[in-house]
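Coming up is one lone chain in structure tokens, specifically the form predicted on its own.
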């Protein structure tokens, strides 16, 4: 069973956290069967934490978990903090947890920015 965990920073502004939750739901709705479950977690300031999110997925029977940092650049959070939070989880031997490249590194980012610019033109 495969899962995708979208990891965002987290905010004191609950509406911002709700946007990430809604994005995760939209990804799940668009998924064509690659993942059995899509959820989100937060580095700080919101719940669930990264370890709690991973443990929930493991508890739900997920055995192949991909963590996607929902960040635009490879700052300290991407390079150090997220891997450190993932490392806090001791996964059973039959569970694989991988960290994907951060969202800003996607080859689609330039097209996305151009498309966003078109919405104001």
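Since we're looking at a predicted model, the values are computed, not measured. Numbering follows the first chain given and starts at 1.
Absent from the display: the form predicted in complex with a further copy of the same chain. The rest refers to it.
For the candidate spot formed by 66, 71 and 74, every residue has a non-hydrogen atom within 4.5 angstroms of a further copy of the same chain in the predicted bound form. Only one listed stretch (40-48, 27-35, 82-90, 54-62) carries heavy atoms within 4.5 Å of a further copy of the same chain in the predicted bound form, and that stretch is 27-35. Contact check for residue 1: every heavy atom lies farther than 4.5 Å from a further copy of the same chain in the predicted bound form. Contact between residue 14 and a further copy of the same chain in the predicted bound form is not found at the 4.5 Å heavy atom cutoff.
Residues 98, 99, 100, 101, 102, 103, 104, 105 are the members of 79-105 with a non-hydrogen atom no more than 4.5 angstroms from a further copy of the same chain in the predicted bound form.
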